[in-house]
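Quick setup: one chain, the form predicted on its own, written in C-alpha cells, and binding and motion questions come after.
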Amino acid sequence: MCAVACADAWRGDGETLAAAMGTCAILGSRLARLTFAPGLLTTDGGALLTRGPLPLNRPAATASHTAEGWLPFRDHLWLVLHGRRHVMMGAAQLDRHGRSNISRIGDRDRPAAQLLGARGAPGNTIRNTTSYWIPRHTRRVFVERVDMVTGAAATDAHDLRRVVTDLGVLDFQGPGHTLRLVSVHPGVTVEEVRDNTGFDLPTPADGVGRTRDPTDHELHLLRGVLDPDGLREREVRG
C-alpha cells in the first residue's frame, strides 16, 4: 500500500530522474517505471542509469547487465539545477508549511540529536519537485515548528507535491499551501491521523478518500520482482 502510494507521486512526470530515499520510496519509483511511467529514469543507487528497475538488495554489479547510461556527479548536479528530477526524501521533522528538518533535534548550541546535516535538502526543494516518505507518522515528526529548516516551505519551493506516511497521503493544497490530508490507508481513521499530527490538519471539502489498493499486477511486481526478500516489511510496522 505505502509503496504504491509512493509510486503515484511520480505519475505524469515523464522523462524525469527519480531520486528516492527509503525502501518504500525506492520501490515506488521503480514500480512507477514498470507500470504507468515508462519514461522515468531510474538508477542503481549510484552512477548508472538502469535499463530496467533493479530488485532491492541485489549486488550493484547486477547493474552492469542492465545499464543504459552513465550519470556522473556533474551530470547529476546539472539535472538538479535544471529541475529534471523528482526526489522523494525523508524528514526528521516537517511542519504544516512543508519546511523540513534533517539536520538536528533541539537547540542549535546543544542539540539533543545530531542528524544528517542539511545535505541536498535545500537544493532539492528549491530546484526540484520534492515529495516526502515518512515511515512513521507521529507528533515527533509532524511538528508545529521544526528545530532547523533544511528544506523550503511549499510557498518558496519549486514544487512540494506529496507526503506519504504509514497512515495516509497528504498534499500541500491546504490554506496558504499548507499540508492537507487527502486519503487514509485502509484501517486508518482521519481522527487517528490528526491525533498523530502536531498541528491542525485540514481536509478537502468533499472529504478524505481511501488510499487505492495495489492492483494484482503491482502486487506481483512488488513481491516477485522488485522486493522478493520483503524488505518493505521491515520499514513499515504491521
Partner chain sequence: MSPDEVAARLTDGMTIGIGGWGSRRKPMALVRAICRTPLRDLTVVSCGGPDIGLLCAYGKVRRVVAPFVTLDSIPLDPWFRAARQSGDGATSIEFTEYDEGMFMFGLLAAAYRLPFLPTPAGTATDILRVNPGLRTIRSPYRTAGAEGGEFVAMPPLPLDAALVHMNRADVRGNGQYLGPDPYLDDLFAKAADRCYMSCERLVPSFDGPVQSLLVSRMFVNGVAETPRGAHFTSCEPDYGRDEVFQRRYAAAAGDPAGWQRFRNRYLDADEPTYQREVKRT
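This structure is a prediction, so every number in the text was calculated from the model and none was measured. In this text, rigid core is short for the largest set of C-alphas that superpose within 1.5 Å between two forms. Positions refer to the first chain, counted from 1.
As for the form predicted in complex with its partner chain, it is not shown, yet the points below apply to it.
Of the heavy atoms in V143, none are within 4.5 Å of its partner chain in the predicted complex.
Proximity of G45 to its partner chain in the predicted complex falls within the 4.5 Å heavy atom cutoff. In the predicted complex, at least one heavy atom of R104 sits within 4.5 Å of its partner chain.
At the 4.5 Å threshold, heavy atoms of D147 reach its partner chain in the predicted complex. Three-residue candidate spot M1, G168 and V193; no residue lies within 4.5 angstroms of its partner chain in the predicted complex by any non-hydrogen atom.
Note that among 73 to 81, 160 to 168, 87 to 95, 128 to 136, the stretch whose heavy atoms approach its partner chain to within 4.5 Å in the predicted complex is 73 to 81.
Counting a residue when any of its non-hydrogen atoms is within 4.5 Å of its partner chain in the predicted complex, the hits in 95 to 125 run S103, R104, R108, D109, R110, P111, A112, A113, Q114, L115, L116, G117, A118, R119, G120, A121, P122, G123. After superposition on the rigid core, the Cα of D156 moves by less than 2 Å between this form and the one not shown. With the core held fixed between this form and the one not shown, P72 has its Cα displaced by at least 2 Å.
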